[in-house]
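Next comes just one chain, in structure tokens: the form predicted alone.
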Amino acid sequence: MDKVFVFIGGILGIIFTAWFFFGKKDEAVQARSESPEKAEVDILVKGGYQPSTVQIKKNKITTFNFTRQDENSCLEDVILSEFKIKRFLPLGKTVSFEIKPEKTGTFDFSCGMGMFHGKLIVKD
């Protein structure tokens, strides 16, 4: 009987792990347009990035406003390696920077330790 409980517990653990890592899908948030040439997106840094998936337009200047409210030292930095951007995020303050993507695709951003991730989707 003990072996049955262990077997069922193991199967449930595998199912939960697969759902946790592969089953969650975030909806992409569109950057809000200020004008035909510019857009802006606010990202709250609290237990990760909220929103964690952002969609912007190719060749459009987009301002990112990161506001860190989490004391976790891992979230002190945000890195967008494809755009050669690394910014320190002081607690309780908003840090802004602009990018103008010249190609479409999906690009990752992360904390300094690579534990928290987000996605930047660039479309035409």
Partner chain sequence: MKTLKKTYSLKGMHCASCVRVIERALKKVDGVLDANVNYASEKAIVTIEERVKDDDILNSVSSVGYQALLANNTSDEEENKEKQKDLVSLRNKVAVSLFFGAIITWGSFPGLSNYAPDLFKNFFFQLLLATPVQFWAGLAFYKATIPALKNRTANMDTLVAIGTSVAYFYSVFVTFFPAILQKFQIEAMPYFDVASVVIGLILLGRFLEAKAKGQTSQAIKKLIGLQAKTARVVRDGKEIDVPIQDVVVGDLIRVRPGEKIPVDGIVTEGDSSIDESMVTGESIPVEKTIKDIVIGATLNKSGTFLYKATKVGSETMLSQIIKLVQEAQGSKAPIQRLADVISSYFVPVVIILSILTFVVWYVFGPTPALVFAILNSIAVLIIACPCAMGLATPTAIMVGTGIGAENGILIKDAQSLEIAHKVNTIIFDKTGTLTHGTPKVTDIVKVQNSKFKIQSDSEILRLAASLEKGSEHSLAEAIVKDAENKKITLDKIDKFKAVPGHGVEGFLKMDKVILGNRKMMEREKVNFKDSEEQIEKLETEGKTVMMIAVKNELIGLIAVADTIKDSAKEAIQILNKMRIQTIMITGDNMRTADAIARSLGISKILADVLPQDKENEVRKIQSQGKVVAMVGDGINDAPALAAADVGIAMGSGTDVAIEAADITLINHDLKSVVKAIILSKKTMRTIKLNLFWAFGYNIILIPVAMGALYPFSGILLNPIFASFAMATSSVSVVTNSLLLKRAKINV
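Here the structure is a predicted model, which is why all the values come from computation and not from measurement. We call the rigid core whatever largest set of C-alpha positions still superposes within 1.5 Å between the two forms. Residue numbers count along the first chain shown, from 1.
Unshown form predicted together with its partner chain; subsequent notes refer to it.
- Proximity of Lys57 to its partner chain in the model of the complex falls outside the 4.5 Å heavy atom cutoff.
- Among residues of the shown chain, Gln50 is one whose heavy atoms approach its partner chain to within 4.5 Å in the model of the complex.
- The shortest heavy atom separation between Asn72 and its partner chain in the model of the complex is within 4.5 Å.
- Residue contact check for Asp2: one or more of its heavy atoms lie within 4.5 Å of its partner chain in the model of the complex.
- Out of the listed residues Ile99, Ala28, Val41, Leu91, Leu91 is the one that sits within 4.5 Å of its partner chain in the model of the complex by at least one heavy atom.
- Residues of 1 to 19 placing a heavy atom within 4.5 Å of its partner chain in the model of the complex, in sequence order: Asp2, Lys3, Val6, Phe7, Gly10, Gly13, Ile14, Thr17, Ala18, Trp19.
- The two forms, fitted on the rigid core, differ between this form and the one not shown by 2 Å or more at the CA of Ile15.
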